[in-house]
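Read the single chain below, which is given as C-alpha cells and is the form predicted on its own.
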C-alpha cells in the first residue's frame, strides 16, 4: 500500500476526517507503522491525491485528519482491455494488475475455450473485484477505479460492439500462433484482446482480423494470462 485510498464511506460528513477499520487499518498500523501525528500519502476514490495525518489509533481502526488533496492521479493508460474470462483466481490477479498499470476499461468476454463454470464463480461479485481494484490502485498511487464489463456471447459482442470500441484506436489481438511480433512504444490509444492460455479459436481469430485487428504474439512461450497481460502492456507502452 503506497497510498491510502479513502472510500466515500470512510469520510466524515464534512470531509475533514476519515476512519479506516479492519484489515486495512491493520496494514496501516503494522506496515506503515502508524503513530499519532504521522503524515501519510492518501487519495480520494476517483479524486485527487494529498496528505493525511494520523489522528487516533484504536485496536481495530485508524482515524485521520485530512489535508489538501490537490494533486491529480496519474494519467490513465490509453487502453481498452478485452480478455477471455479466466479461472477465478487468475481473474482476481488480472484485475489487480490491470488496475495497478492504469487500465480504466476492461471487458471480460466468453470465448469458446472459456470454461462455462467460471461464469458462476462468486469472484465475479462486484465487491470482490472492487477490492482487487483498490489494492492495485493503492500499489500504484492511483485513485480512479476501472470500469469492468462482462459479455457472455462472443459473436454478438463482436458484431454489435467491437467496431465502436476500436474506433480511434490501434486494435491488437494477442494470440500465440501464426502472429506478428508484439509492437512496441505505441503512442496512440490501443484496444487489446487477450485470449485464454491456449489462444483464441480459428473462428475468433478470423473475426478479429475481419474487424481490423492485427494478431500479435510475445513469442513461442505460452504464458499464464496474468503474466501475458503484464508483459503485453509493458511492451506496447514501454
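Positions refer to the first chain, counted from 1. Fair warning: this is a prediction, and the values are worked out from it, not measured in the lab.
Beyond what is shown, the protein has a form predicted together with another copy of the chain; the following relates to that form.
Remark: none of the three candidate residues (24, 29 and 134) comes within 4.5 Å of another copy of the chain in the predicted complex, counting heavy atoms only.
For the chain shown alone, residue 220 is a contact residue for another copy of the chain in the predicted complex, at least one non-hydrogen atom being within 4.5 angstroms. With a 4.5 Å cutoff on heavy atoms, residue 123 does not count as touching another copy of the chain in the predicted complex; it lies far away. In the predicted complex, at least one heavy atom of residue 76 sits within 4.5 Å of another copy of the chain. Though the partner is left out of this view, residue 230 does reach within 4.5 Å of another copy of the chain in the predicted complex, counting heavy atoms only. The stretch from 147-155, 92-100, 105-113, 160-168 that comes within 4.5 Å of another copy of the chain in the predicted complex, counting heavy atoms only, is 92-100. Scanning 127-153 for heavy atoms within 4.5 Å of another copy of the chain in the predicted complex gives 139, 140, 141, 142 in sequence order.
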